[in-house]
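The form predicted on its own is given below as one chain in structure tokens.
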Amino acid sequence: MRVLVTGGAGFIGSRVVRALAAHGHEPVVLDALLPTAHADPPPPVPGVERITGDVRDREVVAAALRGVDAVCHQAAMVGLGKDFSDAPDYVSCNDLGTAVLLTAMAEAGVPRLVLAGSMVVYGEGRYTCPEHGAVQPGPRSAARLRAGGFDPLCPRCGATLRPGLVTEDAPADPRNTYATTKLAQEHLAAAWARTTGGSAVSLRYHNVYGPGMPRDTPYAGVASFFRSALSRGEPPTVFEDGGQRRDFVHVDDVAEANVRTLEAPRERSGFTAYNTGSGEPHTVGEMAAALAEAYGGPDPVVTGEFRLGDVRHITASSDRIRAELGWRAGISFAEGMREFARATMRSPVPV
């Protein structure tokens, strides 16, 4: 299978490319190699064609799609960013880029898309109130966060909520610009699938980490922040009280999920979403401690600081992808953190 991988020189995209090649497929990389994402562009994967171009460029995308059987769309501007001034760049890179790509796919008759989705489309995860059952709390207020009230309360009675595993059927509730653009990508993909009879799958990645993460950038995830601090000899700085629950999934498991999705029989058209997580929830504080221990210190420092737009708990149920595609994460939290503590990271990018 000839597969175009947009963003194929990036942290996740490059691992997808290698996984596709290892499975006997023919990946083709399309990557703009923007300096905001690549301080030093990585060398091409041996034997893999790499096209330098922007997914927002119609002519470049049309040329890259020639002879392609499927597209694995990893190109995106990621992370929470610095402030709302990033919004135009997020919308342009993520949503305009996806619209241009899907238009070119429709014109070329390419029938399959695997999208790098994200768990951020859910906002907060799944919560249960002892009195009212499943509830969906609203955004956390700055005043309550400043007072140390980090856990959401029941919107009906104010009781303490119990977090659980979110499923793909949970309502979308994006809480920041990046999350909004990731949800818009899914809507665009669904519209493309309905119009063309194509098959679109969004793999809703949870917190991806592993070798090759960019360091020292506000656009990377919390694992990158912690690992970058340790490499500077500084303690990982943990916001809130460290009790935020996440699902940390290794980049190589995510790459295998992409391959498994592309190799699955195309039995139906339309749009499908799959949570893509480890199934092993841990707190941010636990992750910082595990990394620090594996690295050899210093110990994490919990600050009580917070960022508006962050959510408290978001952990995945990956039962659907396991049942329908037979994929499950193979790298445990402990194993992955030991590896990541000493793994090579990408050079910092200008901010």
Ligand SMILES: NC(=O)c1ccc[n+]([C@@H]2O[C@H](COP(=O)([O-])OP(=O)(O)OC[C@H]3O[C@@H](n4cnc5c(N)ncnc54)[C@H](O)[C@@H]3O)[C@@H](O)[C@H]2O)c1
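Remember, it's a predicted structure, so these values are computed and weren't measured experimentally. Start at 1 and count along the sequence shown; that's the residue number.
Beyond the structure shown, there is the form predicted in complex with the ligand, which is absent from this document and is the topic of what follows.
Transferring the ligand from its position in the predicted bound form by superimposing the C-alphas around the site leaves no ligand atom within 2.4 angstroms of any backbone or C-beta atom here, which marks the site as open.
55 is the sole member of 321, 55, 287, 316 with a non-hydrogen atom lying within 4.5 angstroms of the ligand in the predicted bound form. 37 is the sole member of 311, 65, 37, 292 with a non-hydrogen atom within 4.5 Å of the ligand in the predicted bound form. Heavy atoms within 4.5 Å of the ligand in the predicted bound form are found in one stretch of 67-75, 148-156, 264-272, 122-130, which is 67-75. Residues 7, 33 and 182 are all found to lie within 4.5 Å of the ligand in the predicted bound form, as judged by heavy atom distances. Among heavy atoms of residue 224, none comes within 4.5 Å of the ligand in the predicted bound form. Proximity of residue 118 to the ligand in the predicted bound form: non-hydrogen atoms within 4.5 Å are present. Taking non-hydrogen atoms only, residue 207 approaches the ligand to within 4.5 angstroms in the predicted bound form. Contact annotation for residue 12: at least one heavy atom lies within 4.5 Å of the ligand in the predicted bound form.
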